[in-house]
Ligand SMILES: C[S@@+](CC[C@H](N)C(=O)[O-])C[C@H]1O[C@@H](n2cnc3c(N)ncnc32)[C@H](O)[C@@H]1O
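As a starting point, one isolated chain is supplied in structure tokens, in the form predicted on its own.
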Amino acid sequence: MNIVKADNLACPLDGERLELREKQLVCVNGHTFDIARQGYVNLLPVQHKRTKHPGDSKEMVSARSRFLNSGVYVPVANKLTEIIVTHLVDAEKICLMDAGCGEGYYFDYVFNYLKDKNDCGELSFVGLDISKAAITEAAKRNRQISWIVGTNRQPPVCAGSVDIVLCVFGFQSFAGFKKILKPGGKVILVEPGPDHLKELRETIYPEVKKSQPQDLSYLEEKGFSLLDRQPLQFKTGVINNEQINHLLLMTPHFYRATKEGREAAVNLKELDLTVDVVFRVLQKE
């Protein structure tokens, strides 16, 4: 693949295409956005923020990065990459966007696989997350990906310019995804299955409920059809106390658990976890 920098970024204020001028992105109406020295650009206007520092904190980002870098979730990254490859279209220009990319582990994994394929055509990558801390960390992984601070509700990307949107354990905004996808474009969702991290949840909570991934049938009325559904379940093997603590901090369970539940998890010496995830592919009609 011929990897190129994304040229379909849009002004978050008026939706006009942004052009690179030295170390800034500029739209035709004169709105300018500086490219940070780390290589990312902040396209999240103040009026789109619901808190002063939205998204994951530095502590959560650091914990997630350390846990994922240990390789425990490689099977998830492998499966995601496999599914993406089956849905890559034969086109001169292809754009992939990771909506809620976090610290960039999965998107960087996909990038490194696709960059070595010999297919013709240009391929660009846009990583989007509302957390500035997450995007700052992601930018350290790969300078060839266009990393953006922004929101999935109003992705700062030109309408109808993206081929595949990934949303890996992230906040889903199908209205936002539909706007930026090309006709026939895909959304690939990665969501927890009913037994995901059940051993950790059994330690934290007095009662564990098995929840199925959300029903997406309502999206047919919104112009999406379900193309594929694939489960993935595996055991991590024994992980140590440090890994358990990183995992706990990177998940919502850290904030949902009681003080007693958190302490019980933090004090675990080791744990053999079940990873249970569901991959679903939706197509924009």
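We number the residues from 1 along the sequence you see. These numbers were taken from a predicted model, which means no experiment stands behind them.
Form predicted together with the named molecule: not shown, discussed below.
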property	result
Partner contact for T151 in the predicted bound form: the named molecule, 4.5 angstroms, heavy atom	yes
is_contact(I83, the named molecule) in the predicted bound form, heavy atom dist at most 4.5 Å	no
Heavy atom of I145 within 4.5 Å of the named molecule in the predicted bound form	no
Contact test in the predicted bound form: S131 vs the named molecule, heavy atoms, 4.5 Å	yes
The named molecule in the predicted bound form: contacted by all of G102, Y106 and V168, heavy atom 4.5 Å	yes
One stretch from 156-164, 123-131, 193-201, 83-91 that, in the predicted bound form, holds residues within 4.5 Å of the named molecule by heavy atom	123-131
Heavy atom within 4.5 Å of the named molecule in the predicted bound form - residue from L68, L43, C27, A257	L68
Residues within stretch 56-86 having a non-hydrogen atom within 4.5 Å of the named molecule in the predicted bound form	D56, R64, L68
